[in-house]
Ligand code: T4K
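First comes one chain, alone, set out as structure tokens in the form predicted on its own.
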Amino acid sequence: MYKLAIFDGKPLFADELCVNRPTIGNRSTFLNRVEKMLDSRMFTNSGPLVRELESKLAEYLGVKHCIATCNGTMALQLIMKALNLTGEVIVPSFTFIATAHAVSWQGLKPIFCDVDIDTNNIDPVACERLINKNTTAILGVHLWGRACDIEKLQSLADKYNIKLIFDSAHAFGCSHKNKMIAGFGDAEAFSFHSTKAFHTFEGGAVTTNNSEIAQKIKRLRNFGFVDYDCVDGIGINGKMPEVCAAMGLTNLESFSSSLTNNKKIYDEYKKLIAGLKGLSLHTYDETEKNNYQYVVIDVDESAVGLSRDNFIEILHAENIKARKYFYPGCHNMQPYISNNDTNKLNLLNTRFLSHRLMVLPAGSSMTIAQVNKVGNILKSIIGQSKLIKSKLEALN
């Protein structure tokens, strides 16, 4: 059996293998764009590169409007501001904390909802139970690039006359019923952080087919300016700089090949994990587009004898920086855990998933050889799980 690094063995990888490392596209093409940007002295304020990126993204995603922002959290905040939301917004607890924080930053109250055990997305049935006179919106998250139950959520929004927003941070390049995720609900927010399947170093975007919302967001992201020296309300600086758009344009040109590589990595993991006791891979609908950026593993402690956290500890020692997603759930983090209403929540599926799921290093920067090494060490861990468990207990 392989001697594990956690027990004084040599780490399998000399350098850290992160969950998602950024792609950079064609380096010379990017640098050429940067040189032109430097020559133009146009670095921000919706310059030509940002406008080009917005146009090409709107075309790729099949939406009328794409408004580039400085990050994905700002994109969410701008949507909520443009929709004039008040009171409460229903949001899944099983998501990255930025989703809930974006709601709170707008002076709104996030109402945490449970998720579907199979899709890991917000549960429409649980969602409807939370709607009351103070509810002004539902904020769904397309987790792992798998679309929410959009039709049921839209039906709820129509029934109760509330807004429907989507956090699409995981879902660039993904589809729902053969339509690209981007044009659903009132608006969608994308993150183009460097760990995403498509990135602009740091950045984000709002996509919508509603021209009125789009115009409001364009004003809001630029301090509220409607003209050169005319402001019609309180805005903020949410603009994307030109250098980020340069990276986005370069990555967009190679995005198709990145997806192909992502799929190869995912398929290799799928083959390796299929026979491993106690581990199961979250799969994707092959009839829909997915960016295959997330290799999500469910750890069944009762079958393998080791917990998800045990696996994380062991893998980290090998420089395989697997991640817990999304532990312990937003409602169990500050400031929300201190709220008495939040403490009454009984989000059983969120709790179940947050203690079992881990995400393995993947993406286009990974190689098949690296995936096989990760697969082999998972096999080795399972093969000596009883011995590992006893040693870990002795260490602790």
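Because the structure is a prediction, the values reported are computed rather than measured. A residue's number is simply how far along the shown sequence it sits, counting from 1.
The same protein has a further form, the form predicted together with the ligand, not shown here; the description that follows concerns it.
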Looking at 169 to 177, 304 to 312, 264 to 272, 240 to 248, which one sits within 4.5 Å of the ligand in the model of the complex if you count heavy atoms only? 169 to 177
In the model of the complex, which of the listed residues (Asn71, Gln106, Thr136, Asn222) lies with a heavy atom within 4.5 Å of the ligand? Asn71
Considering non-hydrogen atoms and a 4.5 Å limit, which listed residue (Ala126, Ile162, Ala98, Ile297) is close to the ligand in the model of the complex? Ala98
Do Phe326 and the ligand come within 4.5 Å of each other in the model of the complex, heavy atoms counted? yes
So in the model of the complex, does Lys386 come within 4.5 Å of the ligand, heavy atom to heavy atom? no
Answer yes if any heavy atom of Lys81 is within 4.5 Å of a heavy atom of the ligand in the model of the complex; otherwise answer no. no
With the cut-off set at 4.5 Å between non-hydrogen atoms, does Thr195 touch the ligand in the model of the complex? yes
Three residues, Val91, Pro110 and Asn120; all within 4.5 Å of the ligand in the model of the complex via heavy atoms? no
